[in-house]
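So this one's two forms of a single chain, laid out as structure tokens and tagged structure 1 and structure 2.
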Structure 1
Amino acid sequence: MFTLEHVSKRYGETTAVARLSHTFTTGQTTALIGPSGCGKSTLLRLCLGLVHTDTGRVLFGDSILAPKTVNAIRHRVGYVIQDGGLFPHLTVLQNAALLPGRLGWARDRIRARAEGLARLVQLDTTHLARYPLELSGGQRQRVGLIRALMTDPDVLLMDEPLGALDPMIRAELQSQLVAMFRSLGKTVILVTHDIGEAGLFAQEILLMKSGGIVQKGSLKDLVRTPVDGFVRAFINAQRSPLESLRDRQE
């Protein structure tokens, strides 16, 4: 669906993405994982045309991403940005209604869809009338998901969509979303800090460092055959506190 060919992006002296090439497989979930600042969010923004490449190119299907084609792509791609990206002067429902409204949906249809998704993400439907600042961080994050799912897009780009949720809601939403993406054959690019979450969602994981891909593969590949000490250290650092506690007690 998305193809990156030798893509680089710099911000002043900082190289955020460095000559990166990858084709994201249609109909499956790919997880981007790696240390803070390694370029994960920048990579998603490049795919959406929110920032532009310095070198190389991004393709969506057969078309090269360019200012002229960006709008058509954004209508087909749901996007959850890292900090929610909600408009503060619009209510939850108005935020969710932006794209469907532009596509000509009737108000009743928009409301019914938003209410259905609110139930899916376990957000009280009365919260649809609130402004983003009247919600908790975890609630805002679920509104970001509602907004991205409104038009049921085939492609979803999600930047740490579950990062602010408490463990129980997070676990429930993870399994609901995984089931939804699998059964509907969605193409998903998911940024996460949690390698367990990456393994749960993604058929392919891209482990990034300093703007490049260090290793691609399934969770099993990364755990069993890390290509270098960085991959090994990254995976070991993600062992759960409970697991480490168990090890110490044995």
Structure 2
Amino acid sequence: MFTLEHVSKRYGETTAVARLSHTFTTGQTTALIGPSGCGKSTLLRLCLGLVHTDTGRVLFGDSILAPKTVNAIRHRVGYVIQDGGLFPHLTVLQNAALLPGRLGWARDRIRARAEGLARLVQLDTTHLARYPLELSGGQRQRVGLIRALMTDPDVLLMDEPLGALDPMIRAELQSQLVAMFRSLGKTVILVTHDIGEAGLFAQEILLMKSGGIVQKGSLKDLVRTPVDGFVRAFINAQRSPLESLRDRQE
């Protein structure tokens, strides 16, 4: 769905993405993982056209992402960020209606779509009349998903969507999202710091470092056949605190 060809992006002296090439498979969930500053979020923003490449190009299908094509491409892509990224002065329904309203959808159609998606993400439809500050973190994240899915996009881009949630709510939403991704059959690109979450969601994981892809494959591939010491160290650092405590006690 998205193809990156020798893409680079610098911010001053800092290289965020370094001549990276990759094709994201249609209908598949791909997770981008790696340490802070490795280029994960920049890669997502390049796909959405929020930042522009210094070298190389980004394609959506056969269309090159460029000023004249970016708006049409964005209408086919849903974008979810941490805590939903909602406008606090708008109700849930008004937040969800932003893009459909610009596209000329009728009010009845917008409400029907929002109510259907609320049921899909297990949010009470009465919450559509509330404001973001009246919702919990988990509820706001569900609203972010509703807004991203309103126009039935081909691709869903998610930047640390569950990172700000407490462990119990995060685990609940993880299970629900896995089921939702399977039922919708969307192409999903997910940024996360959590390799366990990446393995739960994704058929393919891209482990990044210094703006490049160090290793890609399934979670089993990364765990069983790490290509170098960085991959091994990253995997080991992701072990749960309970496992580390058990090892020290033994």
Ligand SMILES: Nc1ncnc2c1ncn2[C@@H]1O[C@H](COP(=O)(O)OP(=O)(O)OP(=O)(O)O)[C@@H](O)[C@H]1O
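Rigid core here is just the name for the largest C-alpha set that superposes within 1.5 Å across the two forms. Sequence positions of structure 1, starting at 1, serve as the residue numbers. Values in this document were obtained by computation on a predicted structure and should not be read as measured data.
Comparing the two isolated copies of the chain, the first one is the form predicted together with the ligand.
Comparing the rigid parts between the two structures, the hinge point among L123, V77, L99, I195 is V77; every other option is more than 12 positions away from any hinge. Rigid-body analysis on C-alpha atoms gives a rotation of 17° for the smaller part relative to the larger between the two structures. With both forms fitted on their core, the C-alpha atom of L86 sits 3.5 Å from where it sits in the other form; this compares the forms between the two structures.
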